[in-house]
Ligand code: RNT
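First, one chain by itself: the form predicted alone, in structure tokens.
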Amino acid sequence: MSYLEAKEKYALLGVDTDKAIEKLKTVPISLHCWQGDDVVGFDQKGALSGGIQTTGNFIGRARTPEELMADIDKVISLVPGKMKLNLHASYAIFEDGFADRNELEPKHFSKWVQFAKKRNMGIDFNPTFFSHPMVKDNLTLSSPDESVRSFWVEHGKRCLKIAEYFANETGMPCVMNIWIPDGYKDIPADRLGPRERFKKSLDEILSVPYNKSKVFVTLESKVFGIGLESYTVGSAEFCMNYVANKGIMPLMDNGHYHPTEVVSDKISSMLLFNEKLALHITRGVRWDSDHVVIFDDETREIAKEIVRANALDRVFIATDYFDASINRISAWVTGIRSVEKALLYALLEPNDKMKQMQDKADFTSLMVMHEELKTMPFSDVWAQYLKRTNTPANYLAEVKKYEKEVLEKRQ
């Protein structure tokens, strides 16, 4: 079926496909840099820690800033729409001597700023509270060791200044997300103490003055991690209450909840009590496994909830996963395209009409509409979106070519 035929079919439902495509062009997706190098970063040589794990050993992992930037460029060429860059602090680039995480300065990210500005991209940022010798007994901001806790507090403060530097340089707001892996493998004797220390640490980090119209500080919870199964300091309840108390922004990662919980069901509640909301979109398989995002039910439901709430300008969307078992470029592109597909799918629903059916308790018509939408010619509208953004439809051929010409030579 051609796009014009698809357009006519959607028009019968009251949906303007051209309007949906144009709207999607304006929605930025924050591309996570850590897919390209398996979350290794450039500031340490130790193993990945913090209750997270990358599996696989596919050829071509980015080993230098230049290789990672080249890979990101390739990804940008294969995904439609508007992109931001999402960095972890561990991706600092040291040109005039090493600086530990409690010594980081904006100059250590100047090359990333140059990269982003040339591509008209904003930058989001994450302090890195893992994979470092100062993670003591699996604790950082909640550590009872004051030297450890103060080290990570200073890291957070430094990152806040770097985030403001990104916003000033790129002219676009920077989302700075705080997530810590702190917790215990087995049943703790004291659950309150670590959370008191975490709260104190966050208060100290946020004591640093910053421009709240340019930097949006977020706090991300987690249900558990590998080796931290029994107790997580930054639980959903802690983070939700802290955010509400301090007036910062919540960030929900859909891999960071119990497997029977879904973020799509939480979005509407969070939007009622928060001006803005941030999401890390991933795919958990049985646990927070950070599988590559695909065009699955939950990704579509997340997108639907954002669109139905008319909140595309209130929700910051980022991808977050890492798979080393397949071509990393393909993993990146597949995930980002899946998020954009989900958003387009949501924009092609007759949401006002469906809300009226619900309010009139016409659940029969609502069910039929839900089922009818599943077989609408969505793929033709997606193809048109790719065409209008000058994005190749068959990205696998480009990925394979890059693998042969670039990735294989990194062996």
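Nothing here was measured: the structure is a model prediction, and the numbers come from that model. Note that residue numbering follows the sequence shown and begins at 1.
Missing here is the form predicted together with L-rhamnitol; even so, the following discussion is about that form.
- Task: Heavy atoms, 4.5 Å, L-rhamnitol in the predicted bound form: which of 379-387, 358-366, 34-42, 340-348 makes the cut? Say which one.
- Result: Result for this chain: 34-42.
Only one of 322, 198, 112, 166 has a non-hydrogen atom within 4.5 angstroms of L-rhamnitol in the predicted bound form; which is it?
-> So the residue touching L-rhamnitol in the predicted bound form, by this definition, is 322.
Review point. If you check 242, 130, 210, 295 against L-rhamnitol in the predicted bound form, which one has a heavy atom within 4.5 Å?
Key: Of 242, 130, 210, 295, the residue with a heavy atom within 4.5 Å of L-rhamnitol in the predicted bound form is 130.
Taking L-rhamnitol as it sits in the predicted bound form, is residue 220 near enough to touch it, meaning that at least one heavy atom pair lies within 4.5 angstroms?
Yes, residue 220 sits close enough to L-rhamnitol in the predicted bound form that at least one of its heavy atoms falls within 4.5 Å.
Worksheet item: With a 4.5 Å heavy atom cut-off, would you call residue 179 a contact of L-rhamnitol in the predicted bound form?
Response: Taking the distances in the predicted bound form, the answer for residue 179 is yes, it comes within 4.5 Å of L-rhamnitol.
Check: So in the predicted bound form, does residue 354 come within 4.5 Å of L-rhamnitol, heavy atom to heavy atom?
Finding: Residue 354: no contact with L-rhamnitol in the predicted bound form.
Can you check whether residue 52 is within 4.5 Å of L-rhamnitol in the predicted bound form, heavy atom basis? Yes, residue 52 is a contact residue.
- Sequence-ordered residues of 256-271 touching L-rhamnitol in the predicted bound form, heavy atom within 4.5 Å: Just 256.
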